[in-house]
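Only one chain is included here, represented as structure tokens and corresponding to the form predicted alone.
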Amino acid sequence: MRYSDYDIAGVLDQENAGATANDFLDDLDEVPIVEDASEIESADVLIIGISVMGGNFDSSWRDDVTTALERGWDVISGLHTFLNEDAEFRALAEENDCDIRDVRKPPDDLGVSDGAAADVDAEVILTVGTDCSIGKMTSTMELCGTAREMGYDAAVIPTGQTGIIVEGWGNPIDRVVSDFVAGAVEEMIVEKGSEHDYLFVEGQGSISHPSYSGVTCGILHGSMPDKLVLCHESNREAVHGFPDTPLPSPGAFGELYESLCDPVQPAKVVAGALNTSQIEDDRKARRAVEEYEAEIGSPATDPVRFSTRETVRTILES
């Protein structure tokens, strides 16, 4: 909702029906939150933007998808479950002349990496994280957006379902065959490397996450970044989805990512992005950012809450 150019008619959320989007995020419009799709009077597309662990389709969403297709709305899904493979949904789409787009379905012609990303003219900046679901996509969008506002020729390289929906293109890296992960990232870097001066690559997962580390490493080596931005969420103490697994310190992550880059193409953590959404008071949030800067040894900001201009200047001019 922050970054796409869609005109949003409503948000489907059974638990918060009756509220508006900006009741939860004050930089969003007063978009109504409703219980089901039948309450939306006029729309063209239903976007399944929720991201659950495993990316599977929940049966409780079936009525909403059915309603959308019966009304002739296109359906864009970011799930691992491909809705085009559902016979009932496919029949409804054909009957009502609408499309189902599974954005997590990768191209068929991907190959292994051959190191071509190292030769692009553009400077490559990759967001990496201490965990999943902490704001790497948001940080990528905010930093690239600010870079453009400041006059830099910058582009986003989308690697996940939300980034692909926002940007309208990209490779869903967490769905790619493991041998081809680095190659799928490299392909995008090469495609855009001659068109822009700076490429902000949307990171995924975390290098220490028990479920997603393979995707993280593939993006790290496939993009061959020149610089890294370390993303973290304040007050995050345990690994997402693994409540009994403590999260290492952010400083340790910086060293880990840099050491993994070294054999392929050296890159340093030049800045940090801290998600302070769990902190209500701005002064406390600012203090948390300052503590984060000291811990990782690089300038940082909360890219949603505070200005990103100095951080972007540091990233691109360091």
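The first residue of the sequence shown is number 1, and the count goes up from there. Note that the structure is predicted; figures quoted are calculated from it, not measured.
What comes next is about the form predicted in complex with another copy of the chain, which does not appear here.
Using a 4.5 Å cut-off to another copy of the chain in the predicted bound form, not one of Cys144, Gly151 and Gly193 places a heavy atom inside that distance. Residue contact check for Asp179: one or more of its heavy atoms lie within 4.5 Å of another copy of the chain in the predicted bound form. When contacts are judged by a 4.5 Å heavy atom cut-off, Ser213 counts as touching another copy of the chain in the predicted bound form. The shortest heavy atom separation between Met224 and another copy of the chain in the predicted bound form is within 4.5 Å.
Interface membership of Gly218, defined by any non-hydrogen atom within 4.5 Å of another copy of the chain in the predicted bound form, is confirmed.
Only one listed stretch (85-93, 238-246, 131-139, 70-78) carries heavy atoms within 4.5 Å of another copy of the chain in the predicted bound form, and that stretch is 238-246. Proximity to another copy of the chain in the predicted bound form, defined as a heavy atom within 4.5 Å, singles out one entry of Glu167, Asp102, Glu123, Asp174, which is Asp174.
Interface residue among Ala288, Val264, Ile33, Val270 relative to another copy of the chain in the predicted bound form, by the heavy atom within 4.5 Å criterion: Val264. Scanning 253-275 for heavy atoms within 4.5 Å of another copy of the chain in the predicted bound form gives Leu256, Ser259, Leu260, Pro263, Val264 in sequence order.
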